[in-house]
Structures are given as C-alpha cells and as structure tokens.
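A lone chain, given as structure tokens: the form predicted alone.
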C-alpha cells in the first residue's frame, strides 16, 4: 500500500494525551491500559526526561541512544524492579526475569536449542501444525471463530511438539485459558508495585493469578517427573528444552540448575514464549481482514509459491510480502510494547546526565509510531518492510524482539512459525471479520486484543479445483 493507494488503513490505537496525567490519573490509566498514559511529546521527541511517581524516568526513542542502553553499555542497565515485581511471582527466575550470572548460564544453556540448524529442523513440525489448524477451521466452515483462540491453539500445538517433544499431556484449551487468566491477572499494573511498597502487602493481581499458577505447577511437575524418570532409566531422551535444562551444569561449579530454575524456565516458555507469537499472528490476521488490497497481494504471492510440499525456509525466502505483512503488524502491535532498565551507575545518554537508579524506558509501542522515525506511522503499510525498503530502517528503531544481549532467544523460531502458519492459512482459507467486531489493543504484559477477534472462516472458492491442503 504505497503513497496514494486507494485503501489506507489506520487501525485502532489510543490517542496520545496532550499532557501527562496527575498521580491518580497515571495510576488509574496504568492499571486499566498503560497504552493510554503516553503523551504527544513521547511520540514527537527523541528523549523525554522527568521525575514522577516512579522517580527519575528517561523515555528513549532515539535509535543511537537505544543502542547505547541495550548494546554498547548494556552491562550498566538491568531489568528494573517493577518488571520483576510484576513477572517474577508467576514466572520465577527464568530467562525472562533472571539477571547476572544466572541469566548468562541460562542463555548459554538454551541457545543451542534455537540455533539455525535446530530451528530449520522444526519446519516440518510447524507445517503439520499449520495443516491441522486449516483442517480444524474447515471442519465446520462458515462458523464464527475467535481468531485469537485459534492462534493460541496452533502455537501451543507447535510448542509441545518442538520445545517439549513428548507433549504437555494437557488439554490445550485448558492450558490456553490458564495462560490468558494469568496475564489478565498480573497484567494490570498494581499501584503498590509502582510505589515500590513491600512484597508482603497483598496484590489483587497475584491473588487472582493463583489458580493459573497452580495449574502451571501441576503441568510442570508432570513434565519434569516423566522426563527425569526417562533419563534415569537410560531412555533416549529428546534433545529439547526440557532435557537441556535438566542436564545443564554451571561451568565453574559443575552444579546442575536447581529445580526452581528448571520449573521457572518451563513456565516462561509455556506462558510468555507462546503468548507473544499467538498475539502477533492474531493482529496480522486482523489487519489483513481490514486491508483487502494487502490480503489480495498476499494471496497471489502464496498461490505462486506455496504447494502441497512441506514448507521450509527456502519457500519462506520466496514470500517477501508475507514477511513484510508480519513485520508491519508487529510494528503497529509489538508483542511486548514496553521494556525498561535501571541504570546501575551514572551514565550519559545523548548528552543527558543519567544518575544511578534512573529508570530508562524503551517502549516499542511508542518507538514504532514515532513521528521522527516513520512516515504516516499510524497507517498499516507493509511496503515499509519489502526488501528494497527494509534496509533503510535503523536496527534500533524497530524492536519487536528487543535487541542486544537480551534479544529474544526465540526470534528466528517465532518468525518461521508465523510465516508457516499464515502461508498455510491464506492458501486454503478465506476470512473476514464478523459484523460488529471491533477490537482495540490492550497492554497486559504482552499486547493483546481487548475482546475476541471474531472472524468467519471458509474454504477458498478455488480449493475444490486444486484439492485441500
């Protein structure tokens, strides 16, 4: 959709505030939907510096400054206490929340699972999961379905056949509901956490999250118990995430990971790892359903290159518009809309003195819509990410997977999965939003639709002629 195209979609987003809210307004808005706290200045200025309820805060939208924080001087910036207070009670000290030596050990342990060879090896499993999704959607075609729920089902299907080879041995829908309940419970920012009050004071979100956390504990205990028994019996354990965690050893002490760490990382990958991919797929479908020209171009590309043969990275390389559509969807609706770091010692960012203890905020939601970095930032325009335009985007102006040492370990896994699922879906299924379906983005740790994304899905009319996949 280039300049002057007949259809220019401006998908839903909260309007920026004219000025910052007062303390009560901030706490109220942050709890309801943090996206509503951003002001015009955040979308227009490269750096906004001030003091508020969270102390000294530096909001950074300058790519060079972001590079400084996330890469060049990353050792001086740790995940701040607010993020840890929100996530650690449910996810524990996993890869997402750990710091220092514990994080480095986990990263070294898990990195082999996500190397290029292994991710490519997962392609047939992802393709089979995508085919099962298509078959499920067309079993009762024409029925109105929640696209978010269907994307959750397919990503869980992939997860339990790749990261946890022997499966999760649980009803996927029950697991999906537990994950949703967990993020809905802990997602609203509690004023007690913002104010830094002691952990012994009860948080409503944590209380509401307890049933989901107990469910996670049951799933994890079953996984660990079965795999330990297999390993101890001398069985041929698959080289998946679970085995790697159980066999990991500290290179200095030779000690294995403690059981709490093993469990924390399993919960992290079941919860946060799959949630972000499912949301990105959902937003992509939603945007395509509202942008018929972009969808038509995608259908033509997929029809030209996708066959009944298994999908693999070689096929993906021939689908540049598909990749561009996904990347533009993640620009407008980044899976993780907010990240922050605390300065451990004094620093200077873009000439601004940053005392120790300053909260440095990098919000992909704002960065990806910043007036100085993007033309018509509110418009859905996948042309930005076509090969001829992609190189002009600064690496630190687009952060759907983060950057620096803590860049998402599953980035290539997730992109391969999304391209596979969408290619199979577009090849076989037509989809449209149900009448009256209106959604808006809601920040609940990840960025999700605030209501079900209701779509009517049918077999494409030409499927009978060429055979269903």
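Worth saying up front: this structure is predicted, and the values here are computed from it rather than measured. Residue numbers count along the first chain shown, from 1. C-alpha atoms forming the largest set that superposes within 1.5 Å between two forms make up the rigid core.
Not pictured, yet referred to below: the form predicted together with protoporphyrin IX containing FE.
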Residue contact check: residue 273 to protoporphyrin IX containing FE in the model of the complex, 4.5 Å heavy atom: yes
Protoporphyrin IX containing FE contact at residue 214 in the model of the complex, heavy atom, 4.5 Å: no
Touches protoporphyrin IX containing FE in the model of the complex: residue 406 (any heavy atom, 4.5 Å): yes
Contact of residue 413 with protoporphyrin IX containing FE in the model of the complex (heavy atom, 4.5 Å): yes
Protoporphyrin IX containing FE: the contacting residue among 324, 360, 294, 336 in the model of the complex [heavy atom, 4.5 Å]: 336
Contact residue in the model of the complex, chosen from 228, 210, 132, 107 - any heavy atom within 4.5 Å of protoporphyrin IX containing FE: 107
Contact segment among 376-384, 274-282, 350-358, 310-318, judged by heavy atoms lying within 4.5 Å of protoporphyrin IX containing FE in the model of the complex: 274-282
Rigid core fit then residue 360 CA moved by 2 Å or more between the shown form and the other one: no
Core-aligned C-alpha movement of residue 399 between the shown form and the other one, 2 Å or more: no
Residue 119 C-alpha relocation of at least 2 Å between the shown form and the other one, rigid core basis: no
